[in-house]
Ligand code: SAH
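Presented below, as C-alpha coordinates, is a lone chain in the form predicted on its own.
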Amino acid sequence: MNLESEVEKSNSLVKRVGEIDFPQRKVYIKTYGCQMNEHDTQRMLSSLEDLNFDQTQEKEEADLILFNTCAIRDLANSKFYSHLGEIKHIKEKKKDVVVGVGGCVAQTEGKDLIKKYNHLDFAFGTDVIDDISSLVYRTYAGENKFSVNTWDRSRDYSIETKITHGKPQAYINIIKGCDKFCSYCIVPFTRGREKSRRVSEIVKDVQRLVEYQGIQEITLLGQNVNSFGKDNKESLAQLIIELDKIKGLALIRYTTSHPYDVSDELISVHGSSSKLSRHLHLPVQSGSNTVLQRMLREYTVEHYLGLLKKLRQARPDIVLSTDIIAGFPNETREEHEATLNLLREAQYDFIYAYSYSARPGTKAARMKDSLSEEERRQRLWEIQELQLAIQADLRQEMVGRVYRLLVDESGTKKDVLKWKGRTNCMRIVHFRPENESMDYLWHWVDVKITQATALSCQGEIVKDHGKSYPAPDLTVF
(Lines give C-alpha, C1' and ligand atoms only; values in the text may rest on other atoms or scores of the structure.)
Protein backbone atom coordinates (compact mmCIF):
# COMPACT_ATOMS: atom_id res chain seq x y z
CA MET A 1 0.00 0.00 0.00
CA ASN A 2 1.50 3.32 -1.07
CA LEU A 3 0.20 5.63 1.60
CA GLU A 4 2.15 8.65 0.36
CA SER A 5 0.28 8.69 -2.93
CA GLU A 6 -3.08 8.49 -1.11
CA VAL A 7 -2.47 11.29 1.36
CA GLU A 8 -4.67 14.22 0.42
CA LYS A 9 -2.52 17.35 0.69
CA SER A 10 -4.53 20.16 2.25
CA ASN A 11 -4.33 22.96 4.78
CA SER A 12 -7.03 21.38 6.97
CA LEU A 13 -6.41 19.84 10.38
CA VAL A 14 -7.49 16.43 9.07
CA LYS A 15 -5.76 14.32 6.42
CA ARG A 16 -7.64 11.73 4.42
CA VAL A 17 -5.50 8.61 3.96
CA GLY A 18 -7.09 5.72 2.09
CA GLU A 19 -10.50 5.26 3.72
CA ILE A 20 -9.57 6.84 7.06
CA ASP A 21 -9.49 10.42 8.34
CA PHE A 22 -6.41 11.25 10.38
CA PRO A 23 -6.82 14.26 12.66
CA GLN A 24 -3.72 15.82 14.21
CA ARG A 25 -2.22 13.41 16.72
CA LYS A 26 0.95 13.11 18.79
CA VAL A 27 3.56 10.36 18.74
CA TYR A 28 6.07 9.56 21.49
CA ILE A 29 9.12 7.49 20.53
CA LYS A 30 11.57 6.06 23.05
CA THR A 31 14.87 5.12 21.41
CA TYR A 32 17.43 2.75 22.90
CA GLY A 33 20.95 1.88 21.79
CA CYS A 34 23.15 3.04 18.96
CA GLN A 35 23.18 5.85 16.42
CA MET A 36 21.61 3.47 13.91
CA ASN A 37 18.49 3.39 16.06
CA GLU A 38 18.54 7.19 16.34
CA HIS A 39 18.67 7.31 12.54
CA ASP A 40 15.76 4.85 12.28
CA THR A 41 13.72 6.96 14.72
CA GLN A 42 14.17 10.01 12.50
CA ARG A 43 12.95 7.97 9.53
CA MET A 44 9.85 6.89 11.45
CA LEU A 45 9.03 10.42 12.58
CA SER A 46 9.34 11.69 9.02
CA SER A 47 7.07 8.94 7.68
CA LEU A 48 4.45 9.50 10.38
CA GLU A 49 4.09 13.13 9.35
CA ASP A 50 2.07 11.78 6.41
CA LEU A 51 -0.47 10.46 8.93
CA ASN A 52 -0.67 13.84 10.69
CA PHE A 53 1.50 12.88 13.68
CA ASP A 54 3.71 15.40 15.49
CA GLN A 55 6.34 14.33 17.99
CA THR A 56 5.85 14.84 21.72
CA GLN A 57 8.34 14.34 24.54
CA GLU A 58 5.56 13.44 26.98
CA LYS A 59 4.22 9.90 26.69
CA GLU A 60 1.14 10.76 28.76
CA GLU A 61 -0.13 13.11 26.03
CA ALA A 62 0.68 10.78 23.12
CA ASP A 63 -1.88 9.05 20.89
CA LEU A 64 0.80 6.69 19.54
CA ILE A 65 3.66 5.31 21.68
CA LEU A 66 6.56 3.57 19.94
CA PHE A 67 9.65 1.85 21.31
CA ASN A 68 12.71 1.56 19.05
CA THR A 69 14.63 -1.19 20.80
CA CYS A 70 18.22 -2.42 21.09
CA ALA A 71 19.24 -6.03 21.77
CA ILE A 72 23.00 -5.54 22.03
CA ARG A 73 23.34 -5.17 25.79
CA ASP A 74 21.34 -6.37 28.75
CA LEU A 75 20.97 -2.88 30.27
CA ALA A 76 19.09 -1.46 27.26
CA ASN A 77 16.97 -4.62 27.14
CA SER A 78 16.02 -4.34 30.80
CA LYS A 79 15.13 -0.67 30.49
CA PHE A 80 12.88 -1.40 27.53
CA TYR A 81 10.92 -4.15 29.29
CA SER A 82 10.48 -1.93 32.32
CA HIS A 83 9.25 1.00 30.23
CA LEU A 84 6.90 -1.21 28.19
CA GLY A 85 5.35 -2.51 31.39
CA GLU A 86 4.76 1.04 32.63
CA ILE A 87 2.76 1.90 29.50
CA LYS A 88 0.01 -0.48 30.69
CA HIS A 89 -1.10 2.14 33.22
CA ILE A 90 -1.28 4.84 30.54
CA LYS A 91 -3.42 2.63 28.32
CA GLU A 92 -5.77 1.86 31.20
CA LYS A 93 -6.49 5.58 31.49
CA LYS A 94 -6.39 6.34 27.76
CA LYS A 95 -8.04 3.39 25.99
CA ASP A 96 -7.43 4.57 22.43
CA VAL A 97 -3.66 5.03 22.70
CA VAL A 98 -1.80 2.79 20.22
CA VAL A 99 1.40 1.04 21.35
CA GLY A 100 4.05 -0.43 19.04
CA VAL A 101 7.50 -1.95 19.49
CA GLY A 102 10.14 -1.88 16.77
CA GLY A 103 13.84 -2.48 16.30
CA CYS A 104 16.16 -5.31 17.25
CA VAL A 105 14.15 -6.85 20.10
CA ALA A 106 11.02 -6.87 17.94
CA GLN A 107 12.96 -8.51 15.10
CA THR A 108 13.72 -11.57 17.22
CA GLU A 109 10.92 -11.54 19.82
CA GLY A 110 8.03 -9.71 18.14
CA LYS A 111 5.48 -12.54 18.25
CA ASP A 112 6.31 -13.36 21.86
CA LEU A 113 5.95 -9.71 22.86
CA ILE A 114 2.50 -9.53 21.28
CA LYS A 115 1.39 -12.61 23.25
CA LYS A 116 2.89 -11.48 26.55
CA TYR A 117 1.76 -7.85 26.68
CA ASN A 118 -1.98 -7.31 26.28
CA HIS A 119 -1.54 -3.56 25.88
CA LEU A 120 0.85 -3.95 22.92
CA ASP A 121 -0.89 -3.47 19.57
CA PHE A 122 1.86 -4.34 17.07
CA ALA A 123 5.57 -5.17 16.69
CA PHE A 124 7.86 -4.61 13.73
CA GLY A 125 11.44 -5.58 12.91
CA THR A 126 14.44 -3.64 11.68
CA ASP A 127 13.84 -4.23 7.97
CA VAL A 128 10.31 -2.75 7.94
CA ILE A 129 11.13 0.61 9.54
CA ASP A 130 10.08 2.45 6.39
CA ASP A 131 6.69 0.70 6.49
CA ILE A 132 5.76 2.32 9.80
CA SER A 133 2.98 4.44 8.23
CA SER A 134 1.34 1.33 6.76
CA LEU A 135 1.59 -0.49 10.10
CA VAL A 136 0.04 2.40 12.00
CA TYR A 137 -2.65 2.68 9.32
CA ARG A 138 -3.54 -0.98 9.89
CA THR A 139 -4.08 -0.37 13.59
CA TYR A 140 -6.40 2.58 12.95
CA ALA A 141 -8.24 0.48 10.36
CA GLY A 142 -9.13 -1.95 13.15
CA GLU A 143 -6.33 -4.52 13.04
CA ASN A 144 -4.19 -5.12 16.12
CA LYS A 145 -2.02 -7.72 17.85
CA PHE A 146 0.16 -8.34 14.80
CA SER A 147 3.91 -8.70 14.30
CA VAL A 148 5.93 -8.05 11.12
CA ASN A 149 9.61 -8.98 11.01
CA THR A 150 10.22 -9.98 7.39
CA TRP A 151 13.64 -9.52 5.80
CA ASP A 152 14.36 -7.60 2.62
CA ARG A 153 16.01 -10.39 0.61
CA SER A 154 17.25 -8.22 -2.26
CA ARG A 155 20.92 -7.29 -2.52
CA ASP A 156 20.11 -3.69 -3.41
CA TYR A 157 20.04 -1.09 -0.65
CA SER A 158 18.71 2.36 -1.48
CA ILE A 159 17.20 4.94 0.87
CA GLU A 160 16.91 8.69 1.26
CA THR A 161 17.94 10.18 4.61
CA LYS A 162 15.00 11.75 6.43
CA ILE A 163 15.42 14.08 9.39
CA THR A 164 12.92 16.08 11.42
CA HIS A 165 15.02 17.48 14.29
CA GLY A 166 16.10 20.82 12.76
CA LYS A 167 19.74 20.34 13.78
CA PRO A 168 22.76 20.92 11.50
CA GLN A 169 23.90 17.36 12.21
CA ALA A 170 22.66 14.21 10.48
CA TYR A 171 23.18 10.47 10.65
CA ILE A 172 23.64 8.92 7.20
CA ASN A 173 23.08 5.18 6.97
CA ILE A 174 25.45 3.85 4.30
CA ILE A 175 25.47 0.10 5.03
CA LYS A 176 23.24 -2.19 7.03
CA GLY A 177 23.76 -5.65 8.44
CA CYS A 178 26.94 -7.47 9.43
CA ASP A 179 28.72 -10.55 8.08
CA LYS A 180 31.19 -10.99 10.96
CA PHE A 181 29.22 -13.19 13.42
CA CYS A 182 31.32 -12.39 16.50
CA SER A 183 30.49 -15.01 19.09
CA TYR A 184 28.92 -12.54 21.57
CA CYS A 185 26.96 -10.38 19.13
CA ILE A 186 23.30 -10.58 18.13
CA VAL A 187 23.50 -7.96 15.33
CA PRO A 188 23.65 -10.38 12.34
CA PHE A 189 20.41 -11.92 13.62
CA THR A 190 18.65 -8.57 14.14
CA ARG A 191 20.01 -6.57 11.19
CA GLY A 192 20.77 -9.27 8.61
CA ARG A 193 23.63 -9.53 6.13
CA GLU A 194 25.68 -6.61 4.82
CA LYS A 195 24.21 -4.44 2.06
CA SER A 196 25.67 -1.13 0.94
CA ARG A 197 24.23 1.92 -0.74
CA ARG A 198 26.00 3.33 -3.80
CA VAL A 199 28.55 6.13 -3.43
CA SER A 200 26.73 8.27 -6.01
CA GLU A 201 23.41 7.97 -4.14
CA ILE A 202 24.96 8.90 -0.79
CA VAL A 203 26.75 11.93 -2.23
CA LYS A 204 23.48 13.23 -3.72
CA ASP A 205 21.73 12.51 -0.43
CA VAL A 206 24.27 14.56 1.55
CA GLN A 207 24.32 17.37 -1.03
CA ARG A 208 20.55 17.70 -0.66
CA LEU A 209 20.79 17.83 3.13
CA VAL A 210 23.51 20.47 3.01
CA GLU A 211 21.79 22.67 0.42
CA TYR A 212 18.19 22.46 1.60
CA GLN A 213 18.35 21.60 5.31
CA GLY A 214 21.54 23.33 6.41
CA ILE A 215 23.36 20.17 7.47
CA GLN A 216 27.04 20.84 8.23
CA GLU A 217 28.12 17.74 10.14
CA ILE A 218 27.38 14.14 9.16
CA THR A 219 28.05 10.75 10.73
CA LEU A 220 28.21 7.80 8.35
CA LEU A 221 26.59 4.76 9.96
CA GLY A 222 26.87 1.01 9.69
CA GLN A 223 27.18 -2.01 11.93
CA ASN A 224 30.51 -2.54 10.15
CA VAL A 225 31.00 0.71 8.29
CA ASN A 226 34.53 -0.20 7.16
CA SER A 227 33.21 -2.96 4.92
CA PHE A 228 31.06 -0.46 3.03
CA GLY A 229 30.92 -0.97 -0.73
CA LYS A 230 32.43 -4.44 -1.03
CA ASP A 231 29.42 -5.78 -2.91
CA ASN A 232 29.54 -2.79 -5.31
CA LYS A 233 33.36 -2.67 -5.75
CA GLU A 234 33.41 0.64 -3.88
CA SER A 235 34.92 1.61 -0.52
CA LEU A 236 34.51 3.87 2.48
CA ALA A 237 37.69 5.69 1.47
CA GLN A 238 36.23 6.49 -1.97
CA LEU A 239 33.03 7.74 -0.37
CA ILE A 240 34.88 10.09 2.00
CA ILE A 241 36.94 11.48 -0.89
CA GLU A 242 33.72 12.34 -2.77
CA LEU A 243 31.99 13.79 0.31
CA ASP A 244 35.07 15.96 0.91
CA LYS A 245 34.16 17.88 -2.24
CA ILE A 246 30.72 19.02 -1.03
CA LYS A 247 30.69 22.77 -0.49
CA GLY A 248 29.10 23.74 2.83
CA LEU A 249 29.78 20.41 4.54
CA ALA A 250 32.14 20.99 7.47
CA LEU A 251 32.71 17.69 9.22
CA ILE A 252 32.51 13.96 8.43
CA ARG A 253 32.48 11.26 11.10
CA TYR A 254 31.86 7.51 10.79
CA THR A 255 31.04 4.60 13.08
CA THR A 256 31.24 1.70 13.88
CA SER A 257 34.48 0.20 12.61
CA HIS A 258 35.79 -3.34 12.62
CA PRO A 259 39.62 -3.60 12.72
CA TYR A 260 39.63 -6.43 10.18
CA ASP A 261 38.37 -4.07 7.47
CA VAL A 262 40.62 -1.05 8.09
CA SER A 263 42.44 -0.74 4.77
CA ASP A 264 45.62 1.17 3.91
CA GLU A 265 43.47 3.24 1.54
CA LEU A 266 41.23 4.31 4.44
CA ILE A 267 44.22 5.08 6.68
CA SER A 268 45.61 7.28 3.91
CA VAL A 269 42.34 9.20 3.69
CA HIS A 270 42.60 9.95 7.42
CA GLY A 271 45.80 11.78 6.58
CA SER A 272 44.58 13.62 3.49
CA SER A 273 40.90 14.48 4.01
CA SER A 274 40.13 18.10 4.90
CA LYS A 275 36.75 17.28 6.47
CA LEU A 276 37.17 13.86 8.09
CA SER A 277 37.08 13.99 11.90
CA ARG A 278 40.37 13.62 13.73
CA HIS A 279 38.65 11.01 15.89
CA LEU A 280 38.31 7.30 15.15
CA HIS A 281 36.42 4.79 17.25
CA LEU A 282 37.99 1.37 16.65
CA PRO A 283 36.56 -1.37 18.91
CA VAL A 284 39.14 -3.89 20.12
CA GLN A 285 36.97 -5.66 22.79
CA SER A 286 39.94 -7.41 24.48
CA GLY A 287 43.71 -7.18 24.78
CA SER A 288 44.11 -10.96 24.84
CA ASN A 289 44.61 -12.97 21.66
CA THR A 290 43.01 -16.06 23.20
CA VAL A 291 39.92 -14.08 24.15
CA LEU A 292 39.80 -12.52 20.68
CA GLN A 293 39.87 -16.04 19.24
CA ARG A 294 36.91 -17.06 21.39
CA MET A 295 35.15 -13.87 20.34
CA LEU A 296 35.77 -14.75 16.63
CA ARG A 297 37.14 -11.24 16.03
CA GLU A 298 39.45 -12.25 13.12
CA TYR A 299 42.50 -10.21 14.18
CA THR A 300 45.27 -10.30 16.76
CA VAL A 301 46.36 -7.69 19.27
CA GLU A 302 49.56 -7.23 17.27
CA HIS A 303 47.61 -6.52 14.07
CA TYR A 304 45.36 -4.09 15.92
CA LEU A 305 48.26 -2.16 17.45
CA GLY A 306 49.85 -2.04 14.00
CA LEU A 307 46.72 -0.27 12.72
CA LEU A 308 46.95 2.30 15.50
CA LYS A 309 50.59 2.95 14.59
CA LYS A 310 49.72 3.46 10.90
CA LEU A 311 46.83 5.77 11.76
CA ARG A 312 49.04 7.91 13.99
CA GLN A 313 51.69 8.08 11.30
CA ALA A 314 49.10 9.22 8.74
CA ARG A 315 47.47 11.67 11.17
CA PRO A 316 49.68 12.46 14.20
CA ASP A 317 46.90 14.40 15.96
CA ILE A 318 44.27 11.66 15.60
CA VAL A 319 42.25 10.83 18.74
CA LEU A 320 41.40 7.17 19.27
CA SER A 321 38.71 5.44 21.31
CA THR A 322 37.51 1.86 21.65
CA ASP A 323 35.06 -0.67 23.14
CA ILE A 324 36.07 -3.18 25.82
CA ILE A 325 34.11 -6.19 27.09
CA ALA A 326 35.04 -7.04 30.66
CA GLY A 327 34.75 -10.63 31.83
CA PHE A 328 34.15 -12.53 28.59
CA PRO A 329 33.23 -16.16 29.41
CA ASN A 330 36.09 -18.00 31.10
CA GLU A 331 38.41 -15.00 30.91
CA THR A 332 41.46 -15.73 33.08
CA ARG A 333 43.22 -13.20 35.27
CA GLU A 334 46.11 -13.21 32.78
CA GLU A 335 43.74 -12.46 29.88
CA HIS A 336 42.24 -9.59 31.85
CA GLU A 337 45.72 -8.23 32.61
CA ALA A 338 46.46 -8.32 28.88
CA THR A 339 43.55 -5.94 28.34
CA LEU A 340 44.94 -3.56 30.97
CA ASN A 341 48.32 -3.71 29.21
CA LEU A 342 46.64 -2.87 25.91
CA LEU A 343 45.07 0.22 27.45
CA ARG A 344 48.49 1.37 28.65
CA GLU A 345 50.02 0.87 25.22
CA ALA A 346 47.17 2.17 23.06
CA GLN A 347 46.64 5.37 25.11
CA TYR A 348 42.98 5.84 24.17
CA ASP A 349 41.36 9.22 24.67
CA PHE A 350 38.22 7.47 25.95
CA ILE A 351 36.61 4.04 25.96
CA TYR A 352 33.21 2.40 26.29
CA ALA A 353 33.61 -0.54 28.65
CA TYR A 354 30.90 -3.03 29.61
CA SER A 355 30.56 -6.22 31.59
CA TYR A 356 29.83 -9.19 29.35
CA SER A 357 26.15 -10.08 29.14
CA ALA A 358 24.96 -13.14 27.26
CA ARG A 359 22.75 -12.56 24.21
CA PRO A 360 20.37 -15.46 23.50
CA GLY A 361 21.16 -17.19 20.23
CA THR A 362 24.87 -16.33 20.17
CA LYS A 363 27.73 -18.83 20.43
CA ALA A 364 29.09 -17.17 23.56
CA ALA A 365 25.78 -17.63 25.34
CA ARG A 366 26.23 -21.42 24.99
CA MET A 367 29.72 -21.40 26.51
CA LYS A 368 30.19 -22.81 30.00
CA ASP A 369 31.37 -19.93 32.14
CA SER A 370 33.53 -19.94 35.26
CA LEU A 371 33.23 -16.22 36.07
CA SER A 372 30.90 -14.75 38.66
CA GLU A 373 29.10 -11.44 38.18
CA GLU A 374 31.13 -10.02 41.05
CA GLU A 375 34.36 -10.88 39.21
CA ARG A 376 33.01 -9.17 36.10
CA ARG A 377 32.12 -6.03 38.04
CA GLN A 378 35.56 -5.95 39.63
CA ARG A 379 37.32 -6.29 36.27
CA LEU A 380 35.15 -3.60 34.73
CA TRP A 381 36.03 -1.30 37.63
CA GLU A 382 39.76 -1.97 37.12
CA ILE A 383 39.48 -1.20 33.40
CA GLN A 384 37.58 2.02 34.00
CA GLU A 385 39.89 3.18 36.80
CA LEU A 386 43.01 2.70 34.66
CA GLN A 387 41.46 4.35 31.62
CA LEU A 388 40.31 7.41 33.57
CA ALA A 389 43.88 7.94 34.79
CA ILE A 390 45.20 7.61 31.23
CA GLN A 391 42.78 10.07 29.68
CA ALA A 392 43.14 12.55 32.52
CA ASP A 393 46.85 12.77 31.67
CA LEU A 394 46.22 12.94 27.92
CA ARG A 395 43.75 15.78 28.19
CA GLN A 396 46.09 18.02 30.13
CA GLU A 397 47.72 18.67 26.75
CA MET A 398 44.55 20.50 25.71
CA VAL A 399 44.89 23.24 28.31
CA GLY A 400 45.77 26.56 26.69
CA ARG A 401 44.81 25.44 23.18
CA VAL A 402 41.92 26.79 21.10
CA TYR A 403 39.36 24.40 19.63
CA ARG A 404 36.51 25.03 17.21
CA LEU A 405 33.27 23.27 18.06
CA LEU A 406 29.59 23.11 17.17
CA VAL A 407 27.49 24.01 20.23
CA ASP A 408 24.70 21.50 20.82
CA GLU A 409 23.37 22.01 24.35
CA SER A 410 23.10 24.33 27.33
CA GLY A 411 22.44 23.67 30.99
CA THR A 412 22.53 25.22 34.43
CA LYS A 413 24.41 23.65 37.32
CA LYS A 414 24.63 25.33 40.72
CA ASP A 415 22.99 28.40 39.14
CA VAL A 416 25.80 28.69 36.56
CA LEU A 417 24.76 28.63 32.89
CA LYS A 418 27.10 26.74 30.58
CA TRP A 419 27.05 25.72 26.94
CA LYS A 420 28.40 22.45 25.56
CA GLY A 421 29.80 21.22 22.28
CA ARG A 422 32.17 18.64 20.83
CA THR A 423 35.47 19.29 19.16
CA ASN A 424 36.46 17.86 15.80
CA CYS A 425 38.09 15.04 17.80
CA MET A 426 34.90 14.29 19.83
CA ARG A 427 35.98 15.80 23.15
CA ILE A 428 33.23 17.45 25.19
CA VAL A 429 33.86 21.12 26.05
CA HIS A 430 31.81 23.33 28.41
CA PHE A 431 32.04 27.11 28.42
CA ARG A 432 30.25 30.03 30.02
CA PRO A 433 28.51 32.61 27.80
CA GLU A 434 29.95 36.10 27.44
CA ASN A 435 26.61 37.26 28.82
CA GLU A 436 23.52 35.38 30.04
CA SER A 437 21.36 36.52 27.12
CA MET A 438 23.57 34.99 24.43
CA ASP A 439 22.12 31.97 22.61
CA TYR A 440 24.91 29.83 21.14
CA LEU A 441 22.83 26.80 20.11
CA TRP A 442 24.17 25.39 16.81
CA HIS A 443 26.80 28.13 16.55
CA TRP A 444 30.37 27.41 15.56
CA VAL A 445 32.59 28.85 18.26
CA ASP A 446 36.30 28.96 19.09
CA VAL A 447 36.96 28.08 22.75
CA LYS A 448 40.25 28.21 24.67
CA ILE A 449 40.60 25.32 27.13
CA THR A 450 41.23 26.51 30.68
CA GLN A 451 40.80 23.23 32.54
CA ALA A 452 40.70 19.56 31.50
CA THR A 453 39.60 16.44 33.36
CA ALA A 454 39.24 12.81 32.33
CA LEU A 455 35.62 13.32 31.27
CA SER A 456 35.24 16.92 30.11
CA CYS A 457 36.93 20.22 29.51
CA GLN A 458 36.17 23.78 30.61
CA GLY A 459 36.93 26.73 28.39
CA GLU A 460 36.34 30.37 27.62
CA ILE A 461 34.91 31.61 24.35
CA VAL A 462 37.35 33.31 21.99
CA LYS A 463 35.16 33.88 18.94
CA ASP A 464 31.55 33.22 17.94
CA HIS A 465 31.15 32.45 14.22
CA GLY A 466 27.35 32.18 14.42
CA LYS A 467 24.89 29.68 12.96
CA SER A 468 25.40 30.51 9.33
CA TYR A 469 29.18 30.17 9.39
CA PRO A 470 29.70 28.17 6.17
CA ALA A 471 32.10 25.25 6.04
CA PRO A 472 34.40 26.31 8.88
CA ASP A 473 38.05 25.42 8.52
CA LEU A 474 38.51 22.64 11.04
CA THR A 475 41.94 21.54 9.86
CA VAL A 476 43.80 24.02 12.06
CA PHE A 477 41.90 23.31 15.28
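Note that the structure is predicted; figures quoted are calculated from it, not measured. The first residue of the shown sequence is 1; numbering continues from there.
Below: the form predicted in complex with this ligand, not depicted.
Novice: Check whether residue 175 has any heavy atom within 4.5 Å of a heavy atom of this ligand in the predicted complex, and answer yes or no.
Specialist: Residue 175 lies outside the contact set for this ligand.
Novice: Residue 348: heavy atom within 4.5 Å of this ligand in the predicted complex?
Specialist: Contact check for residue 348: no, nothing within 4.5 Å of this ligand in the predicted complex.
Novice: Does residue 323 reach this ligand in the predicted complex, with heavy atoms at most 4.5 Å apart?
Specialist: Close contact exists here: in the predicted complex, residue 323 approaches this ligand to within 4.5 Å, heavy atoms only.
Novice: Contact with this ligand in the predicted complex for residue 73, defined as at least one heavy atom pair within 4.5 Å: yes or no?
Specialist: Yes, residue 73 is a contact residue.
Novice: Taking this ligand in the predicted complex as the reference, which of 161, 149, 285, 216 has a non-hydrogen atom within 4.5 Å?
Specialist: So the residue touching this ligand in the predicted complex, by this definition, is 285.
Novice: Could you spot which one of 294, 336, 258, 278 gets a heavy atom to within 4.5 Å of this ligand in the predicted complex?
Specialist: None of the others qualify; the residue that does is 258.
Novice: Counting only non-hydrogen atoms, choose the one of 313-321, 179-187, 245-253, 393-401 that falls within 4.5 Å of this ligand in the predicted complex.
Specialist: Residues of 179-187 come within 4.5 Å of the partner.
Novice: For the heavy atom contacts within 4.5 Å of this ligand in the predicted complex, list the residues of 346-371 involved, in sequence order.
Specialist: Read in sequence order, the residues that approach this ligand (within 4.5 Å, in the predicted complex) are 354, 355, 356, 357, 359.
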